[in-house]
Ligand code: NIG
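To begin, one chain is listed below as structure tokens, in the form predicted alone.
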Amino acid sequence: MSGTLLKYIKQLVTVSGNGKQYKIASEMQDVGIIKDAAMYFTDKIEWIGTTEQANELIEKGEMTPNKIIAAKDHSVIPSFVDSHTHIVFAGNRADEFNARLRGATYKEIAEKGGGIQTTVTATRNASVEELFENAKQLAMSAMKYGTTSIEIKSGYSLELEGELKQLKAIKMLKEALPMNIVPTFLGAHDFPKEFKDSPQKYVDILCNEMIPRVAEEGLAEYCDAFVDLGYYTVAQGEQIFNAAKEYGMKIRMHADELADVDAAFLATKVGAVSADHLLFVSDKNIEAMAKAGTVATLLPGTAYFIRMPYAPARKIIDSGVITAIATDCNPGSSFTENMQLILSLSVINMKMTAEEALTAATLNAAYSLGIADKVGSLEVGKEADFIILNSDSFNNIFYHFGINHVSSVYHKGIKVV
């Protein structure tokens, strides 16, 4: 089989799971570094070893590359998996951001009809084509920073036709872009203005009308809900998730971002794949997540952007919880598609090591989306999704912060950046 050989790689960081699709605790420190490495690939990874071994195989006629790339003084890592985003939306909230800089809190802005509701109004008025084009620009920008797999949520219409419009835009992205895209239905992002005084009526509409329709049209793999102070209660979240499971959807959720409301425990109870945010998660619920195998997806960009405490990453990792990190790219509380920035925030402000952050942004994030059998690490048989960095060590992502370290990005063996 003819393919491409990448050799003379200064540092190949495989993040191999060693037979597992995720890493926990001290396992996250082992990122599988091979020096003077080589990787042979087609659309999938066919072989990994050293440059010396590759040269020997070529001499024996056992490897016949049709293209050889010398990656001297470069390092190679798996492409990033951004497992929590909201990039399908319309409108701009720069004015609200400026208000926060002057002291307004996220909660105060929301209580005045701003926040998510601002984006809801703009998104309801946008066409599916407009939503697609806006999200396409963000997705392509994310790719330039090394992301080739991304989860995208709806949640900025809060009514049936608008949510379907967002999900259809996500489907268009999936068909148009060289990325792995995982769609999530987030009709329970907030309560629409029309139901502020009768929230349970909207919960019933979600369960009896919206979820069945989304499932019928096959537009989402996951169902999400914002279970937190001032948003959905634990009881409402449980009702929504049970309805979603009846229609074959898997569960991921916004949990304990603004306060400890036991949302993380609900995640373990309903079998959620991932509980995200967790700024105020309790010690007992960290232990519950570790026992249940629930992924903790931490979003340091949000804590940074809205000036909140960071999630207790050290405690979460040390307790044996499967830990991922993601951008939470959205127009109100974390407007960045740059996973390299998220890695930097993770090590500086959440006290993760470089190895833990890389594992969380690749293999563990892929596991949270159910695609770790295909991406998230550089292992024979997986898709050839990887980044060639313009430095000789992956540690430079963290050391020389605030710049883009990507030299090129590959998805399924094809250079996309």
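Note that this is a predicted model, so its numbers are computed, not measured. All residue numbers are counted from 1 along the displayed sequence.
Beyond what is shown, the protein has a form predicted in complex with this ligand; the following relates to that form.
Residues within 4.5 angstroms of this ligand in the model of the complex, judged by any non-hydrogen atom, belong to 252-260 and to none of the other stretches in 289-297, 252-260, 214-222, 199-207. Residue-level contacts in the model of the complex: of Y156, F80, F241, F185, one residue has a heavy atom within 4.5 Å of this ligand, and it is Y156.
A single residue from the set I116, L266, A313, V76 has any heavy atom within 4.5 angstroms of this ligand in the model of the complex; that residue is I116. Put simply, Y106 is close to this ligand in the model of the complex: some heavy atom of it is within 4.5 Å.
The shortest heavy atom separation between E151 and this ligand in the model of the complex exceeds 4.5 Å. Residue contact check for Y232: none of its heavy atoms lie within 4.5 Å of this ligand in the model of the complex. Proximity of G332 to this ligand in the model of the complex: non-hydrogen atoms within 4.5 Å are present. Scanning 294-330 for heavy atoms within 4.5 Å of this ligand in the model of the complex gives T302, D328, N330 in sequence order.
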